[in-house]
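First, one chain by itself in structure tokens, the form predicted alone.
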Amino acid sequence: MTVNLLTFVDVPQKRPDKRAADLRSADFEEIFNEFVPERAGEQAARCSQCGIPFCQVHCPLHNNIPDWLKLTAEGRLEEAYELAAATNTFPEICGRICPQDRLCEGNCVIEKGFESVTIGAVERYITETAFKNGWVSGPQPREERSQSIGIIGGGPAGLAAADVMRRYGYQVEVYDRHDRIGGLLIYGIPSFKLEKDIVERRADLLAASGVVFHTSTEIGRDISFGDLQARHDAVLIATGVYGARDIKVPGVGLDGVVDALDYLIASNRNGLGDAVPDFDSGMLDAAGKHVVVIGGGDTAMDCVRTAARQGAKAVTCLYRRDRNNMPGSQREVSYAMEEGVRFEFLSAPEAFLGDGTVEAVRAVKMRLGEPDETGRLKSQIVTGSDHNIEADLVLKALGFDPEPVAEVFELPALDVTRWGTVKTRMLTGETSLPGVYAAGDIVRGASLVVWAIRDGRDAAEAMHRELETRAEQNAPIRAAG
């Protein structure tokens, strides 16, 4: 089929229809409807098919975006999916949760007056069409290998590595301390951004292809790292980072002042039908409460939008810099504002007030001063600007640090950085221990899901090369204990 491309001059940008804020904030369903086929092809045809595709350059996975946009415009959707899946283990997930405004779409060369191609929405459309038509399958190895791979962590990095290694025919086993596979995709990201059956669908494909999942299994408690090494020819550490950063202000220990991840996990577990005592008791349920969220990243936006859906009386986000300096997605901020969240930019907590249980946040106004060592403008307190904000629930969304894996796994020879992340060789994931690799947030710190996928794929390719080399040399390939 021949179609006109480069239609961005005549065809305006149009995303899938977004549900009205009052309707979507009453449930946890995704906020966008699906593209209709004609609309998807029309929007894909807006791509300028430029000589240097900056959308592809700025995608961590370097997805072949212009090519699968062209195929979509031509109605060749099965080929479009195959091309999208060639570089991306989970295109159906990235199409939903990637901050396209900061990555591919934010670097589209179409002039601002015409607006970028809706890359994420088209990617979601392609993959959902592929699933509906039965075009998606788990990894299908051409031959089975006897070597075994142990992966610690069933989040995006671990699952991406499992997919690659299984395609090569390795025997893959994934160990995760949670009772479901998916990591933060299941427990950290709210369903209105990523419905859980999307993650479970992909995990089921991996299981059907031969990947073995060991859930509710914690390395260092249920299995020692040494035993894991004895079982497998190589081990990948993909545990992510779960250590919540805290804030040192008076009253931080009051009841009702909780970490963002604890709150999000409770909400997601409740949505999955689990019994969650802290949620059922009302402690981690925002219904009827004045909620204050501290932070300006994507986790903070997940918290404020979750609180709005739980029926909070009021939701306020405190962020010590202005909106332009927020680290999270600007689209998420806009969605939150539409859903009734109040933002206090250039504000920071000075103390949490209450008698045993938090009752208010004493906040102060900030102004931006000189740049710090990273180039970001320093925030400075405005004298005499303190004021109280009513609060029954305060959520600390200040970022995450790694747990001390060298200590937890009893690996004193494992090199870590001064931040506690695992040291690896660039692009390979090789650690200081023979046969042991690492990938994802435990290496780069808290980051995007798409980077975890990239790291997991890179580490898997490095493991494959090493195992093949050792096999050719007839050398022992078991990880050193």
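Numbering starts at 1 and follows the sequence shown. Everything quoted here is computed from the prediction, not taken from an experiment.
The form predicted in complex with ligand FAD exists for this protein as well; it is not shown, and the discussion that follows is about that form.
Asker: May I ask whether L184, G440 and V449 all come within 4.5 angstroms of ligand FAD in the predicted complex, judged by heavy atoms?
Answerer: Yes, the whole trio is in contact, each within 4.5 Å by some heavy atom.
Asker: Scan R362, R177, K365, K289 and let me know which has any heavy atom within 4.5 Å of ligand FAD in the predicted complex.
Answerer: By the 4.5 Å criterion, the partner-contacting residue is R177.
Asker: With ligand FAD left out of view, which of L264, A203, A391, M326 would have a heavy atom within 4.5 Å of it in the predicted complex?
Answerer: Result of the distance check: L264.
Asker: State yes or no: in the predicted complex, is some non-hydrogen atom of A157 no more than 4.5 angstroms from a non-hydrogen atom of ligand FAD?
Answerer: Result yes; A157 sits at the interface with ligand FAD in the predicted complex.
Asker: Should L284 be classed as touching ligand FAD in the predicted complex when contacts are defined as heavy atoms within 4.5 Å?
Answerer: Outside the cut-off, so no.
Asker: Should E218 be counted as a contact of ligand FAD in the predicted complex, where contact means heavy atoms within 4.5 Å?
Answerer: Yes - in the predicted complex, heavy atoms of E218 and ligand FAD come within 4.5 Å of each other.
Asker: Give a yes or no for P99: in the predicted complex, does one of its heavy atoms lie within 4.5 Å of a heavy atom belonging to ligand FAD?
Answerer: Because a heavy atom of P99 falls inside 4.5 Å of ligand FAD in the predicted complex, the answer is yes.
Asker: Any idea which of 157 to 165, 272 to 280, 372 to 380, 205 to 213 reaches within 4.5 Å of ligand FAD in the predicted complex, heavy atoms considered?
Answerer: After filtering at 4.5 Å, what remains is 157 to 165.
Asker: Which of the residues spanning 265 to 303 lie within 4.5 Å of ligand FAD in the predicted complex, based on heavy atoms?
Answerer: Contacting residues: D298, T299, D302.
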